Structure formats: C-alpha cells, structure tokens
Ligand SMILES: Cc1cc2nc3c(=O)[nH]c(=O)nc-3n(C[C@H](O)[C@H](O)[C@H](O)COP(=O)(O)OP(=O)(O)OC[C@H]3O[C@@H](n4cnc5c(N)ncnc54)[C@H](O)[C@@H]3O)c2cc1C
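Coming up is one lone chain in structure tokens, specifically the form predicted alone.
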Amino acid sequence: MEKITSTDIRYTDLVSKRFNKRHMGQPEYICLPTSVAEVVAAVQEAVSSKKRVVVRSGGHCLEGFVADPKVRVLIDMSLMTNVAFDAERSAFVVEAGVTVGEMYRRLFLEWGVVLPAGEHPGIGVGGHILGGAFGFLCREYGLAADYLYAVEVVTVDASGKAASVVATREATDPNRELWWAHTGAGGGNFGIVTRYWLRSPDVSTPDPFQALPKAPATITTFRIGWDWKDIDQAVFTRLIQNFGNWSYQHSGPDSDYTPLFSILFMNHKNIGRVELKGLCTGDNAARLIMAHIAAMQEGLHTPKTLQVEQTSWLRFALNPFPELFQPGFDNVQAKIKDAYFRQPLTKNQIDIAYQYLTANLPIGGMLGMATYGGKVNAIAPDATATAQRDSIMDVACNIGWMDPADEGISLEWIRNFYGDLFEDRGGVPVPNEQTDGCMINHPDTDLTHAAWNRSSVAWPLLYYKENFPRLQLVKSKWDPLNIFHHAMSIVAAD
C-alpha cells in the first residue's frame, strides 16, 4: 500500500482533515487502505518499525488524540465506504470510512431504514458508533451502539502480530467482550475498527427492510429565538428551569414525547440571541411540538420568533439545521466540556451560568442543553459499555475561536465556567443524584488533571463508571502491548 508523505500533493489536505483546528499533527506518512488486509498490513508495519500509529475516520475528535505531534503513522479510513446488507449475519455492514450522512443516504434510498446516530453528516462512523453515538433520533430509537451486532477490529497480540477479528453480541461468541467494549468505550483503545454490522437488538431476519427501524416519513423542525435585549436574569432563569423540568418529566422510555428532541442554546450575550432548536417525527409532531413550546414559555411573556417546517427525513439528515454547520465551521478551534444530568440545573448553577454568559469579555461561548433519555434509558447500564442510562439531558459548555491569540481567554472562561457549575463536587459532574459523569464521544483532557478535576473520582469513572474494570480486562486481552493509546485511552489493570 502506498505511503503518502509530506512531498505528496495529497498530504496537506489529509493532515488538515480535522474538525478542531486547535490540534495539529505531522505524521511521517499516511495510509489510505481500501481493504481489511491493507489495514492489517499497515498496522503490522507500524508496529514492527516501532512507530506510533493512530486511525481516523471523519476527523471529528474534539481532542488531539489523532492530531498528535507524537504520531508517526496515520491510517485514514476514507476509502473504505461500503454499505451493504450481509444476509449471512442478517445485518447491515458499514465500513469505518463511511460518514454519517452517507450511511443515512444509503440506508434510506436502498431499504427505507435508519440507524439513530449523530447530528453532523460529515462525522465518520468509525469513531462515532463505538462511543455510543448520540444524535437527533436517540430519544425515539436509542443510541447507534444499541444496534451493534458485530464489529471487525484489527488488533495486535502480545507477540506484536496484527490480525483482524470479528466479535459479535452472541452469548456463545468467545470474543463477545470485545464486541461489548465497542458499544460505548470510545475509539483508540483496543484496535482499529474496519467494519460494523448493525441490526435491531430484538430482530433476526433475512429481510433488510426489517433489520433496522423504518426511517421517519417526515421530520418537523422548529426554531424559537429570544433576543438578549429582552432577557433579564429572571427570564434567563425561567428558560433553563422550564427546559430542565420538561426534560425531567419526559425522559422515560415510555414517554409520549420520545419522538421529540431539542437543544436549548443559551448563547453568550455577545451573540445576541438565545435559541431553542428541535425536531419531531410522526403524525402527532405538530401537537407535541406546540406542547413543548408551551412548556418552554410557561411563566414568560418575552417576545420570541417561531419557525416550524416540515421536510423529508433524507433532506433533513443531509443538511440538518444548516445554520449550525455554516461556512467557517471547519476552521474553528474549540473546547467542549459536557456532563450528563439526571435532574435539572439548580438555581445556583443557573445563576453561575448567567454570570458567565453575560460577562464583559470578547468571546462567543454558550451553554448547550440537549434533551436525552427516552429509549436510551430502556437499556441496562452494563448491557453495553455506555453506562449512563437514566439521564434527562446532556449539558455542555462550548466555546470556539478563530484567532489563536484568543485561546488563552477562551480556555480560561470555559474552564472556570464548568468548574464553578460543579464547584461543590470538585469541579466535575461526579455521579450522584443530579449528575452522572461525561460522554466519551465528547472527551475532555482537562478531567485528567488535578487542577480541573479536584474530586476524588478518577476521570475514567466519570466516563465509564462501574463498567471501567471490565473494560480494563478487555484492554489487557486485546491490546496487551498498548499499541493503541492516546491521552484518555483505557489502561489495562495492574
């Protein structure tokens, strides 16, 4: 297989293929495999020559796990893009270089089905599914990882030999623990995923039209906006309370509102507006949306704008809320710090948010609050590696900047904001009655440092909770030489 080095005209484009421009790598060479055998060969050569090797699918890792100056070999999966139905396993096989948008397109056009996965169509499935995969349809259908039937992984044994292995969810499969680890433990831990097999957990049928959920007939989207000039602290507080209370009341797997998903964008005052964006599927979409909006407006008389539109599933999936992924999105430097919430924000946390979002600083950060739960909460915490199964929201402090000179003030703002939200528990969302740790697909290396994680809870327990020791055993068996590692990779037990 060809090695693409810095003298190749393709090298610059391939190196710059990453969402978060805050991180930069300079590998000796890049491999673009087109088959599993080529991935095995690329890994073997890197291991034999003792060169640090990493893998990339869509390039949307939020931290520098792939774009790392210490990496010498980058295996880019972009050319492995097959999507097909495997009749032998009664499951859809999706190669690791496929983007979420392309997967949606192929599944819909050929079979009329859908896999609940991420929001941005450019995300690669390779690193997305194995971290759980949270997105617009998760409340109605669960996480993409809940549909994982089998996974093919290139691993390296204790002798340094690379090989591919398939692990399934079948109880009799001797490799089952490797499958289980890929249902929420994140990427870069055990090997390189080359293919996923996907089907509904309660289905075993040779009919591809029945193997995954039927795609929505239509998507109804809604947008509400409030101008910051009309928002005082009382209105700000009420908006967050209303959103939290609605999420708490409707997070169960049997809620009538599982087809509805929304995100409250509490933007910094500099941005000028606070917004709620969401969607709903099904024949009752209009009724559910209006009830959700009424709940958000409870106790408020603040002027607002409202936009409701209906579109096809595929049109939405390939260009969801275009304003979120507008030109310039791919040039951003960013930091995201998230937390699972089991209960709404407290009044004190809301006051802290108001303080940071009205601070007189030249920044454009935000507090994002996404509805969670629904069918996600129908799964036992140890059934998959995704341990958080009773949350009502995913809440994140976000900030992005274009000028490298703004990094210092931006990082200071977001670190202090996040730390103050959880000041009473060491600056992090430790698992307790209100919070339940963090999402590994939104990694935050700050949590590995005592300066920002002052709790008694080690960072792996924030992401994996009681599943962590089991994941360490999988690491010991399948990556005994720790070939696959990064700043927040799983470390084998001593």
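Source: prediction; values computed, not measured. Sequential numbering from 1, following the sequence displayed.
The discussion below concerns the form predicted together with the named molecule, not included here.
Partner-contacting position among 320, 116, 400, 188 - heavy atom within 4.5 Å of the named molecule in the model of the complex: So the residue touching the named molecule in the model of the complex, by this definition, is 188.
Contact residue in the model of the complex, chosen from 387, 137, 192, 91 - any heavy atom within 4.5 Å of the named molecule: The residue in contact is 192.
Contact stretch among 450 to 458, 429 to 437, 463 to 471, 65 to 73 - heavy atom within 4.5 Å of the named molecule in the model of the complex: Looking at the partner contacts, the answer comes out as 65 to 73.
Triplet 107, 148 and 215 all within 4.5 Å of the named molecule in the model of the complex via a heavy atom: No, the whole trio is out of contact, none within 4.5 Å by any heavy atom.
The named molecule contact at residue 240 in the model of the complex, heavy atom, 4.5 Å: The answer is no: residue 240 has no heavy atom within 4.5 Å of the named molecule.
Distance check, residue 58 to the named molecule in the model of the complex, heavy atom within 4.5 Å: Result yes; residue 58 sits at the interface with the named molecule in the model of the complex.
Contact label in the model of the complex: residue 127 to the named molecule, heavy atom within 4.5 Å: Although the named molecule is absent here, residue 127 would touch it in the model of the complex, with heavy atoms inside 4.5 Å.
Any non-hydrogen atom of residue 414 within 4.5 angstroms of the named molecule in the model of the complex: Residue 414: no contact with the named molecule in the model of the complex.
Residues from 84 to 103 in contact with the named molecule (non-hydrogen atom within 4.5 Å) in the model of the complex: Heavy-atom contacts to the named molecule in the model of the complex: only 96.
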